[in-house]
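We begin with a single chain expressed as C-alpha cells, specifically the form predicted alone.
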C-alpha cells in the first residue's frame, strides 16, 4: 500500500507553495507512519477523523492507497487548513477530504477510524487525557485508533527528540512547541479503562527520534 514515486510527486504538486511541495515529497518518501496507518485500517472502509491534521496530507495519501472514502481533518492552524483545502480542490477531492479549522476537541458528527499523529506532546498533560477520551468517543465499534507520538522513556532517542522539538519551536513550524511528552503508561491509563485494547511498537524509520506507533481497538 505504498504509492509509487509518481503518485508522491502528484500529491505534492497539488500544493501551491514550493516549500510545501519539497517537504511533502520528502515526508511521503521517508516517514513510515503513512504506510503504517494505511495498513492499520486496511479492509475497514470507515470515515477517518484526523486530529491535528496540518495540511491534510494523510487524507491525500490514504485516498491514493484507495484505503478510505471519507476523511475529516481538524486543526487550529488556519494557514495550513486553507492550503490543504486548496490542494484538495486541485485534486478533485473537495468532497472526500474535509478540513476544518477548529480546536482539536470540538465534537464532530462522525464515528470511524481516528488518527492522531505527533499531536499529544504539543498539549499540556491535562489536555492530553481530554483529547484521548475525545478520540475514543469518535471511534466506531470496528474502528482503529492510530496514535504516533514521542514516548518519554529516558533513552538517547528521547533526548534527541527533545532537541529536535526545540528547533521546531524556534523556526515557528509548531507555535508554542512541545508541552509534555507522555509515557506509555500515561496513554494506557486513559484508554484501557474505556475498554480499548492497546498495542505499541517502535516506528523510528530512518530517524534518530523516539517515535512510537500505537494502534487501539475496542
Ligand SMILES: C[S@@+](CC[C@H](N)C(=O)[O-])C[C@H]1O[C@@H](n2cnc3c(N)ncnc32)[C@H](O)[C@@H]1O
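Numbering follows the first chain given and starts at 1. Treat the numbers as computed from the prediction; the structure is a model and nothing was measured.
Below, we turn to the form predicted in complex with this ligand, even though it does not appear here.
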Subject >> Options 152 to 160, 62 to 70, 49 to 57, 181 to 189; stretch whose heavy atom lies within 4.5 Å of this ligand in the predicted complex >> reply: 49 to 57
Original post:
Is there any non-hydrogen atom of residue 127 lying within 4.5 Å of this ligand in the predicted complex?
Top reply: yes
Original post:
Any of the heavy atoms of residue 108 lying within 4.5 Å of this ligand in the predicted complex?
Top reply: no
Original post:
Is residue 77 close enough to this ligand in the predicted complex to count, meaning some heavy atom within 4.5 Å?
Top reply: yes
**OP:** Flag residue 104 as yes or no: does it have a non-hydrogen atom within 4.5 angstroms of any non-hydrogen atom of this ligand in the predicted complex?
**Re:** yes
Original post:
Which one, 132, 119, 139, 97, lies within 4.5 Å of this ligand in the predicted complex by heavy atoms?
Top reply: 119
Original post:
Which of 144, 88, 147, 123 has a heavy atom within 4.5 Å of this ligand in the predicted complex?
Top reply: 123
**OP:** Note that this ligand is not shown here; using its position in the predicted complex, name the residues of 154 to 177 with a heavy atom within 4.5 Å of it, in sequence order.
**Re:** 174
